[in-house]
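Next up is one chain by itself, shown in structure tokens, the form predicted on its own.
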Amino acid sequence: MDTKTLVLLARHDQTEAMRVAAGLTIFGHTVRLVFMGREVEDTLENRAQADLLELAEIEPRSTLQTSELPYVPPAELCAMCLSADAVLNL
């Protein structure tokens, strides 16, 4: 199986986006996770999934400049999506 570069946009279901992102690394894919439109909710489930992201060596980013996560500006997000083998929207 060829490894791919994947971009996962966490727009609606943050918990599922984190779970999927971590799971995709099992196949050796490079996964970039970007939270969009709102802060990551501080829930027990999200904290557990954040631990998985750390184990999977995924550094999530955010489109919000006010987020505690590293900010990804629109032009960089666009370039990230265009250069990816696939973009997933959750």
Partner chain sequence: MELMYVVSSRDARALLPPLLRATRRRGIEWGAFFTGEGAAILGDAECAALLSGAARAVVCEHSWQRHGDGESCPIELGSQTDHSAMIARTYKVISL
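Positions refer to the first chain, counted from 1. If you're wondering where the values come from, they're calculated on a predicted model, not measured in any experiment.
Keep in mind that the form predicted in complex with the partner chain is not shown, yet the notes after this line are about it.
For the three marked residues, 16, 20 and 88, a heavy atom of each sits within 4.5 Å of the partner chain in the predicted complex. At the 4.5 Å threshold, heavy atoms of residue 26 reach the partner chain in the predicted complex. Under a 4.5 angstroms non-hydrogen atom cutoff, the partner chain in the predicted complex has residue 45 among its neighbouring residues.
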